[in-house]
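As a starting point, one isolated chain is supplied in structure tokens, in the form predicted alone.
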Amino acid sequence: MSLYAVMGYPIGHSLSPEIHEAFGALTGLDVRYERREVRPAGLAEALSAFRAQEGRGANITVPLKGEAYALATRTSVRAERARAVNTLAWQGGGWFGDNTDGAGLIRDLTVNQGWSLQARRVLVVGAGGAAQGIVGPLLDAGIAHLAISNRNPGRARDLVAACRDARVGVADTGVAGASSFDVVINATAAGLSGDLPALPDALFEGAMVYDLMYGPKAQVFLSHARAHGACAVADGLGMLVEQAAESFLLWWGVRPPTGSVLARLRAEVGAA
């Protein structure tokens, strides 16, 4: 039987096995999917051992998405844009790399949450790997403007330059311009330590606010946004499920239904 896995460090918290096994049950496919702890700089060795065990596909999570991009024999257009890979598929004697994060985010925002992105002004907080995976799909979704805010302004400028799109710029999050964003997306890891990104409270007034993290790790940011006038908030659980569905489609040739899987996980993880 072909083997699939999620690789990262740490990995014990990952819901990916539960998600993919549920997709298998819904589509009538016998899915064998594991968690594999892989430390930084260890992905090449881990993938070699994985192939020896009939491994055919892997989801790649932090901090290995850059390594996966470098190791892929071929990459999709969206992986090239992100310069990061979160999905590997064994094809033609090598690893094909894709990035499904952005597609998962857009589907969660527009389908599950019902948020319109057309002509919106969007702020992305953070300029690391998570942000890199979502800026291209956000631009493709028809937004009017994308601003990048990062505690290291140089990284924000680098991401803006990599986008090569006149709609993208470094954010001015001073109080005077704080009410100009329709959508605010937290792509930082601040929630892991219970911290908040350095943003003015006025920025949240009337905005739709999203955190790429899910469950308790997203609550500090989302609760703060709600308390300061956000019109809607959501965490990244739906993105997690939807990006997994994109990976499943690449591996199996069928996109699984996601509604029941998301509802079950939401009951386990808790409300956004």
Ligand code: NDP
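Because the structure is predicted, anything quoted here is derived from the model rather than measured. When you see a residue number, it is the position in the sequence shown, counting from 1.
What comes next is about the form predicted together with the named molecule, which does not appear here.
In the predicted complex, the named molecule stays beyond 4.5 Å of every heavy atom belonging to Gly94. Remark: Leu117 does not count among the residues lining the named molecule in the predicted complex, judged by a heavy atom distance of 4.5 Å or less. Taking non-hydrogen atoms only, Gly128 approaches the named molecule to within 4.5 angstroms in the predicted complex. Within this chain, Met213 lines the site of the named molecule in the predicted complex, having a heavy atom no more than 4.5 Å away. Residues placing heavy atoms within 4.5 Å of the named molecule in the predicted complex fall in a single listed stretch, namely 145-153, out of 109-117, 72-80, 145-153, 160-168. In terms of contact with the named molecule in the predicted complex, the residue from Leu29, Val62, Ala232, Val220 that brings a heavy atom within 4.5 Å is Val62. Only one of the listed residues (Val184, Ala84, Val135, Ala187) places a non-hydrogen atom within 4.5 angstroms of the named molecule in the predicted complex, and that residue is Ala187. By the 4.5 Å heavy atom rule, the three marked residues Asp101, Pro197 and Leu240 all count as contacting the named molecule in the predicted complex.
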